[in-house]
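What follows is a single chain, given as structure tokens, in the form predicted on its own.
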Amino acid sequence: MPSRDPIAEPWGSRTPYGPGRRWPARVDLHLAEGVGPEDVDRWVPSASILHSNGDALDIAVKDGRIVGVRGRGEDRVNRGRLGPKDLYGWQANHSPDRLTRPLVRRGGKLVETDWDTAMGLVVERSRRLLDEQGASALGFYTSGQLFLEEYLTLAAIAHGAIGTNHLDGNTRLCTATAATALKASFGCDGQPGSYGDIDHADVIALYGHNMAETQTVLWSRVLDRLAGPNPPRLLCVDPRPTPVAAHSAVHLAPRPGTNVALMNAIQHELIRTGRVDHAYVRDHTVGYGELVRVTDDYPPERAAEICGLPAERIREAAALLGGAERLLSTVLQGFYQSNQATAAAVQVNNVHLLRGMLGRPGAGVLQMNGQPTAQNTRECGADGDLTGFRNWNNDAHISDLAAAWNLDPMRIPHYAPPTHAMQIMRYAEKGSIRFLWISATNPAVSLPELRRIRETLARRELFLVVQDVFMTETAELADVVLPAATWGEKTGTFTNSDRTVHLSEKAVEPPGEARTDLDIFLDYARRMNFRDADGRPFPQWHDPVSAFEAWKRVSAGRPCDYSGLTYDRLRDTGGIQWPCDAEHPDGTERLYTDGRFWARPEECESYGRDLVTGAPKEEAEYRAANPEGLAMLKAVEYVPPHEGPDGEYPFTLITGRTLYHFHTRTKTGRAPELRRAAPEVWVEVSAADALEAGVHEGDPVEVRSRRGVVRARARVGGIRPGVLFVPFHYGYWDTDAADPDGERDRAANELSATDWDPVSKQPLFKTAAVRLRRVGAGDGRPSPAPTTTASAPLDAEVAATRGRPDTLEEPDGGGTR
């Protein structure tokens, strides 16, 4: 049956619709070659775990194996659509190189063993360090890809049972700034807006958010609005010529690291031209006077000089935002991973507060997530927060959490905020952390300055436990490797960027002796003999259902209240947005509809930080500034990046995603269609810079920073001159790791600096100074970069990226394509 090629047409066919109308359904179906719908034994409900959109889907099972996926047409998130990673990523479950038995290091090599031996080593080392050095000798670094029940359990073990403050998730790399910005403006985490706001907005602003590649289905929703009557107008802020930019009314490509200057100028213009909802500002916010004072110094001409933009284009952007009747804004890594990350993201919130654009259809903010279950790490306190959006600096919150867990409050460390990931690595490097348990993430490729990270993880004094699905670059350095089950092989819930909770059910058995992450964490707790205040085993739960019920109890009354949800409701209804409780039995599409915020001193999740220095604020300071718990307009001066281009390193490097891969490709690199679409790393360079450097499409080039080097073929594209782009997905598991000198030169983070945002502690991946050198003449082959998205070449001779027409689309009303 003829169908779509999802590689060449990642957003599929259009189903146009107008403002205020329901997004038409279109059910996408992909099955393994030779398998038809009639051959499927059963369909198992789940959602995508390869991006943060939360696309609902059913897993096709035949003869005990996953054989494909089908979108769920009735679900509120995707209305049946699936992106390339959704359609093909499941194949990684069947990879022959899955970890199937525990491994332990013997004589310098990892060798297979049994679970008792592996867990015995983990427990023995844990007990010894607890006795000798105390809880702070142990650290945990987890993922944005586990399930809520697993994060809750890990947080309970680390914070409640062991009492260490050293717990974070790799969501530190993608959404720590989102959480911090939301807390800074509204008092607590949680997206104010909804994906449904796309159906109503007349202006959509995307700040550093290449939605077309990071959330393909959400971008399909925007494309369908653009194809319908009365389409919205788009603002795009991005130094690359993304598909978002191509569809925008105004595209701003600022110099990397200057987002705060740009946002200050936009606010300057909104205030100067009287485009402020003064009644909303008066009734619902604090901080307006200071914001007027600071932004008064940022007329467009000043920002234009800092950002390298025409002043008139900044005015056009401000006029677009100021003229909107229903404004939706989204923010992602172009802001989060850049200089002054939190400060810039907060300025987007400011725009919505200035314009009163919150809490009604089409008027909302989505400080987006990069990972599929990032929201759950934040809610459960597995990422540097405390469970249930509780404030580590509020004793009443600690007591409340301790009561829910039936523990003495003093067992939960709250002398300081939970340790962030880069500080955990620094403690491991210096030797105070001597036990590090890493689950479902790959810092040996994903963290900055990789040579330093590899040396830290390989230290003989550090006992490294890695729990994962594959032998990653990080697992190769471990003392103990624990084989984990993955999506489709276990049951649990996870929550997407707009607070929609989905249930993902077990479809097949994990391979070999692999176990679920929940089972592994609980096994560790039992072997450690953790007990609550009544002497019962702690955590008190024992399976996904009982863990979810425990989460309902601990989240009740907090902003992320799940108490009205059950597995059966999620099974019957599909995705439901929190808070879902007695007052909101059907969930909550938008927050702050009544202009009330979770910002009163007694209930806020954080007392905030200084947006320039990151210094934490105390309760008294917060209470004096915001006694009634209103939303907070936060002003901030622009501060240049720590490292900028100079004579020796004249380019700024930005890193990011491509449409076809996720994280460090541990899964997507094992899906043949995704691998073929983007098989190798590349370097994007502008036409002007390529001409000056004598670089042509496909030429081998070298990009070097003060930390390391990357060698790849060049893609001559439309990126802003003076800026280079390298995708961050590529490590070494599928290639010869090093040149004869032992130098690794494939991963983008060989180049990045050990530097982070002072407020959110998110590493900065978009301000490294680098230089470019042509290594030699190409062999006639173009760069391996895809032609379908922001990496499109200027050279029309480059063959288009294509796959195979193997996916069926069924739109509303029947018919197929």
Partner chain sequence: MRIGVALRELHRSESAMAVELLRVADRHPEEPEIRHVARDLAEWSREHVREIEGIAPRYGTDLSGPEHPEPSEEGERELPGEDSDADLALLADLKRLYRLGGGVALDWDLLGQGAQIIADSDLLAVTERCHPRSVRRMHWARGMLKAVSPQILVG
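Residue numbers count along the first chain shown, from 1. If you're wondering where the values come from, they're calculated on a predicted model, not measured in any experiment.
One more form of this protein should be noted, the form predicted together with the partner chain, which is absent from this view; the next part is about it.
A residue is said to contact a partner when one of its heavy atoms sits within 4.5 Å of a partner heavy atom; residue 607 fails this definition for the partner chain in the model of the complex, lying far away. Contact annotation for residue 378: none of its heavy atoms lies within 4.5 Å of the partner chain in the model of the complex. Residue 395 falls outside the set of residues with a heavy atom inside 4.5 Å of the partner chain in the model of the complex. Though the partner is left out of this view, residue 432 does reach within 4.5 Å of the partner chain in the model of the complex, counting heavy atoms only. With the partner omitted here, the residue from 452, 553, 101, 531 that has a non-hydrogen atom within 4.5 angstroms of the partner chain in the model of the complex is 452. The contact residue chosen from 136, 516, 563, 655 relative to the partner chain in the model of the complex is 136, the criterion being a non-hydrogen atom within 4.5 angstroms. With the partner omitted here, the stretch from 423 to 431, 90 to 98, 566 to 574, 486 to 494 that lies within 4.5 Å of the partner chain by heavy atoms in the model of the complex is 423 to 431.
Residues 610, 612, 613, 615, 616, 618, 621 are the ones in 609 to 635 with at least one heavy atom within 4.5 Å of the partner chain in the model of the complex, listed in sequence order.
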